[in-house]
Every structure is written in structure tokens, then in C-alpha cells.
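Below you'll find only one chain, the form predicted alone, shown as C-alpha cells.
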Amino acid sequence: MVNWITSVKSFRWWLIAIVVMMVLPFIVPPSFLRICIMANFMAIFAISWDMMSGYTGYVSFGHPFLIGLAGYVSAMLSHQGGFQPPHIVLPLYLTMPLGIAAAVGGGMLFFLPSMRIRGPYFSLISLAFLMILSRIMIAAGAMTGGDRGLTSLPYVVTGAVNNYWLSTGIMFAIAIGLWLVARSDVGHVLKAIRMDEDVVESSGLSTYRFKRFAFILSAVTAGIGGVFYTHYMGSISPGGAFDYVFLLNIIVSTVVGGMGTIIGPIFGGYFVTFFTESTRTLLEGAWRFMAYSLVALAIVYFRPGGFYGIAHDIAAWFRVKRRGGMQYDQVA
């Protein structure tokens, strides 16, 4: 069960974060909001990866598979390109749920069976299916646009401010929902699976059922992020949806933010997005990638808990100052 008393107390931090985010559109220019929108989507993808890999220890290299599949299904059903054969064009309120369902169904069909096997097989199979789906989307150019992908897709809303409200609302709804799951008994079992799956099995619990639950939550989150991201960008292509840098950004966001915390990936998503955007004019592609990788490595090396661990230490320090006298180590 969720510890509701502790959760209610912790909600004040969520409320503070929501208030801060609500103020931003009134004090920052639209260009800053557009970066925040990208950070919100990166945070959603990182939270999705954290729900699966951070909580169960099964490292997924196929998350872009779920995100891209959801985006492509919604894009193909909502758009009639000149090169495409005539087909039914559906409104977004139908294509987006279908895209999310495709992510969940595709993930359960291809990834989930490999979770019955211990070891790195899940990671390898998820990476293999990511590569296969990328090739399929290129080969099926008559419907997917091949290498160029699909463009001129319909938008959910237009304008930087409206998209900021939308992406921020989705991010907080997903984060708070999964945060409550993580604080429940289910979340504790998932963490126990990550630490020692054999011990959980010996207690009589079916670890596969818990891993399946975590995977479905992760796939739904990835699907939601995938469809909204696709219709925010107004385009989708194999080079963007299935790119390895995109996968690495998701993983780095989670690791530097703090794995197995749900909140940490939000910090990580904002860090990766703002770091890459702020250095875009200073460093070229490969150098920018190397710079942010070195910064991420330094954060993980000196503080394995990432930004979440750093925030936890700062909060503990303030509690010590407020109480006055107790040693910091006793609290931290």
C-alpha cells in the first residue's frame, strides 16, 4: 500500500515544482519555452525507461522502438501523403490511442517473452528489434516515406505556450502517477527484483508478473510520449525516431538524474536538453556529444545517485540547519 501520510507531505514538493513551471511562460521568451518543451518530452522518455530498467534492473536498448512505433502508427493513420496509396485518414483523438496501443502490443509481443530469461538477453533482443523496426520503416517507404519519413503531420495544439502547457501537464501527470506506484508495495517488490530476483522468487511471488506490470507501465508512458512528441514536431523519420544518440540521451538522462526514483529522470531530462542546446553554438556535433558525456560521467562518478541524490543531500543539510546540532551524517 502507498504510505499516504508520507506521500501527502511529499506532495508539497510537487506543488512547488508545478507552481514554478506555471510561472515560466510569463517571465521567459518563447524560445526558452521551446527548449522546456523538448526537456519535458525527454523527461517523459527517461521516466518511461526508469520504470522498466531503473526499477527491475532489466536494461532496455529498445525504448525508441516503443516511442517510434507509437509515433509512426499515429502519423500514418492521421496523414495522407501524396506518395502514399489512398487510405482512411482518422482524427488524432483516434490515432493517438491506437499508437499507444501499438507500442504496448508490439512491446509485449517482441520484448516481454525475453524477460523470462536471466542475463543480458532482454537488452540484446530489445536492441535487435530496434534495428529491425528501423529497417522495416525504411523498406516500407510507400507508407512511411522511407528515409525521409512523414512530414506535415497534424498538430495537437500550436504555439510555444500551448505546447508548453500540454507537455508540462502530461509530464507531471505521468510522473506523479508512476511516483505513487513506485511508493506502493508493487514498487518495493520491483526494487527487490532489481537487487536480488532469486530472493523474491523464493518468497513465493511471481517476479514475471511484476516485471510484466512494470513493462506495460513503461510502454504506455513511452507510447504517450511518442505520439505527442511526433505531433508536436509535425514529422517523424527513422533517423530521428530510432537514432542511437536519441537512445543514449534517454539513458543518460535517467542515470545522471538518479535511477529508480521517477523524479530523477526529470532533472536528467532537463540537464541533457539544456546542456546540448546551450553548447550548440560553441561545439560541433561530436565535440558537444563528448562534452556532455564527460559531464555525465563526472556526475555519476562523484555522486552515483545523480541529481536526485544531490537534491536529497541539500534537503538533509537544510533539515540539520533547522534542527540545529545534529550531525549531517546522522541524517543523510
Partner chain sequence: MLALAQSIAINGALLSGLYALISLGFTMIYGVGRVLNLAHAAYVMLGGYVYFHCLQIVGIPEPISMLIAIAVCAGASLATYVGLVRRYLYNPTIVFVSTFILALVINYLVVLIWGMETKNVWPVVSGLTQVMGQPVSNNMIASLVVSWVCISGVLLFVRKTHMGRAMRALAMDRKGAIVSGINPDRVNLLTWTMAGGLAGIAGIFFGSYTYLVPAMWHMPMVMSFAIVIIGGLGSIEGTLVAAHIVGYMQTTTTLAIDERLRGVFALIIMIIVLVVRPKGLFGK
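Here the rigid core means the biggest group of C-alpha atoms that line up within 1.5 Å when the two forms are laid on top of each other. This one's a predicted model, so the numbers in the text were calculated from it and none came from an experiment. Numbering follows the first chain given and starts at 1.
Keep in mind that the form predicted in complex with the partner chain is not shown, yet the notes after this line are about it.
K.L.:
Quick one: F26, I174 and L180 and the partner chain in the model of the complex, is every residue within 4.5 Å by at least one heavy atom?
P.N.:
No.
K.L.:
Which of 166 to 174, 100 to 108, 130 to 138, 182 to 190 has heavy atoms within 4.5 Å of the partner chain in the model of the complex?
P.N.:
Correct option: 130 to 138.
K.L.:
Quick one: of V73, M259, I236, A214, which gets a non-hydrogen atom within 4.5 angstroms of the partner chain in the model of the complex?
P.N.:
Result of the distance check: M259.
K.L.:
Counting non-hydrogen atoms within 4.5 angstroms of the partner chain in the model of the complex, say which of A241, L150, V227, V252 makes the cut.
P.N.:
Spelling it out, the residue with a heavy atom inside the cut-off is V252.
K.L.:
Any of the heavy atoms of Y208 lying within 4.5 Å of the partner chain in the model of the complex?
P.N.:
No.
K.L.:
Classify L282 as contacting or not contacting the partner chain in the model of the complex by the rule of any non-hydrogen atom within 4.5 angstroms, answering yes or no.
P.N.:
No, L282 sits far enough from the partner chain in the model of the complex that none of its heavy atoms falls within 4.5 Å.
K.L.:
Look up in the model of the complex whether V199 has a non-hydrogen atom within 4.5 angstroms of the partner chain, and give yes or no.
P.N.:
Contact with the partner chain, no.
K.L.:
With heavy atoms only and a cut-off of 4.5 Å, decide whether W287 touches the partner chain in the model of the complex.
P.N.:
W287: contacts the partner chain in the model of the complex.
K.L.:
At 4.5 Å, heavy atom to heavy atom, what parts of 269 to 306 sit next to the partner chain in the model of the complex? List them in sequence order, or say none.
P.N.:
Residues within 4.5 Å: A286, W287, F289, M290, S293, L294, A296, L297, V300, Y301, F302, P304.
K.L.:
Would the C-alpha of A298 be classed as shifted by 2 Å or more between this form and the one not shown after rigid-core alignment?
P.N.:
It does shift by 2 Å or more.
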